[in-house]
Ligand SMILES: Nc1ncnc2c1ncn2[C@@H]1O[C@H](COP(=O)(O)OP(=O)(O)OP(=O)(O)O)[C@@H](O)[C@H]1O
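Only one chain is given next, in structure tokens, and it is the form predicted on its own.
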């Protein structure tokens, strides 16, 4: 089982779109995939048409004795399950902090799922919290969407510093260019500088596209709405890169 966290300190960079579509692509290939929506905004849960049940409260999630499998919900995408979220997740940090080894609690909760899933994708809130630290301890790979702008690039460096301060084992950081508008000079220059080269960026460039908004309105993965669109092809390419990176040894 491989755990991929999609996280950025900065909001509005296409994090939830990436998490939902990558998990859906894994499932479409026949892999057993689980998407865990850890964002109190519940964007991934909304896009996949799943609402949490009361028994999936943050208090129960944080308890060592409560199995995550009891809270998993099926989605309309074959092979894709979801651990949904809502605004109650805003208290998850408090629940983790009340327990021993809080930064390792998510990893402990995920361990029994090994053998039931091939891929677990964590959709994380755009913040720096104890939950973020717990995500880093649980994840094998950290996928970071970055808009080619000064503020977004700055948050990538902040992310790396945070990892250096909090991690005891290596996590592979996989930044990629997201929401790129090639009409903008700075975006074009960012693509030339970073895509597949500097600072460990993946090759794939995910474009700004109205198709993403259309898929969100339909509450479906991109491949179900516009299978031949540039955005759909970009996420398929991104998923291929993520698989390749996950299969290779950690640096």
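Remember, it's a predicted structure, so these values are computed and weren't measured experimentally. Numbering follows the first chain given and starts at 1.
Although not depicted, the form predicted in complex with this ligand is the subject of the following passage.
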property	result
Listed residue that, although this ligand is not shown, lies within 4.5 Å of it in the predicted complex (heavy atoms), from 62, 212, 68, 226	212
Contact residue in the predicted complex, chosen from 72, 156, 179, 171 - any heavy atom within 4.5 Å of this ligand	179
is_contact(residue 40, this ligand) in the predicted complex, heavy atom dist at most 4.5 Å	no
This ligand contact at residue 33 in the predicted complex, heavy atom, 4.5 Å	no
Partner contact for residue 242 in the predicted complex: this ligand, 4.5 angstroms, heavy atom	no
4.5 Å heavy atom contact, residue 233 to this ligand in the predicted complex	no
Contact at 2, 105 and 112 by this ligand in the predicted complex, all three, heavy atom at most 4.5 Å	no
Residues of 200 to 239 having any heavy atom within 4.5 Å of this ligand in the predicted complex, listed in sequence order	206, 207, 208, 209, 212, 213, 216
